[in-house]
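Taking the form predicted alone, here's one chain by itself in structure tokens.
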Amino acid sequence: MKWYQDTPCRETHGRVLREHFGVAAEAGQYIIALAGNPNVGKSTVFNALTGLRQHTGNWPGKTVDNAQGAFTYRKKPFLLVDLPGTYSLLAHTVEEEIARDFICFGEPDATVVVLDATCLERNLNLALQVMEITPNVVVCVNLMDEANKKKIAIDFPALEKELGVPVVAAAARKGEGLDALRETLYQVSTGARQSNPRRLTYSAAVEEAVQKLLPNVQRLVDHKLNPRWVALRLLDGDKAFLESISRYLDLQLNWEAPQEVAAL
């Protein structure tokens, strides 16, 4: 169960989405993040799922487009948030920072990572980084029509087993694979399908350092963030991101404490 599914945390999560990401979700709406490298057909997937039910603006304080769209499946409402195209979540660019912060602090119910079927080896880097943050990942291998033209064959059961998350084949511009993608998003978002993402193993020295940090990190972030991932970022020494984590945790304390007092 996610931290914000408990009252009064749900209201706090809504404020994080509205005030820091410009995402105003309706009550009961499942939040889906859409991530991917540039030129993998991510916008085509977004348009195919949401149709005309879209809204475009800017991310708060940024000049980067923020596209959101709604769709309904099995009588459940979904809000799809199209993240900026990025090759990494290590935040060397504004686009990377936005994508990383939304997946981490926005706590989407599921994150779709769109890959190009013709060059999986290049795209999988982003998928693996997202899987380090959250287990609620769906990999959408798009552009299967182009892969077929190039006679590229992909063993999807083996890929799904290797990654430990659902993998869906698609050719979005032809409308192929979209029904399977909707069903998979439904299952992951509602908790009907649980994943066990492959955990990357680093050098012995890094793993030893992570284990030393974990007890303190777990006490600090509680169940609000993935403690192993935070420990790895601490080892990176990314000062800007450490400040983001600090601001996020301060917001949780400032917003939740008054509600907790009122509930007593």
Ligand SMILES: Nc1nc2c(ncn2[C@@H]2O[C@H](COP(=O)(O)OP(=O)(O)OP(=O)(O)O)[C@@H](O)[C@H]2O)c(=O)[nH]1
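Every value quoted in this text rests on a predicted model; they were computed, and no experiment measured them. We number the residues from 1 along the sequence you see.
Same protein, other form: the form predicted in complex with this ligand, not shown, and the subject of what follows.
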| property | result |
| --- | --- |
| Asn216 within 4.5 Å of this ligand in the predicted bound form, heavy atoms | no |
| Proximity of Gly41 to this ligand in the predicted bound form, heavy atoms at 4.5 Å | yes |
| This ligand contact at Glu146 in the predicted bound form, heavy atom, 4.5 Å | yes |
| This ligand contact at Asn66 in the predicted bound form, heavy atom, 4.5 Å | no |
| Which of 166 to 174, 179 to 187, 152 to 160, 95 to 103 lines the interface with this ligand in the predicted bound form (heavy atom within 4.5 Å) | 166 to 174 |
| Gln29, Thr50 and Pro77 each touching this ligand in the predicted bound form (heavy atom, 4.5 Å) | no |
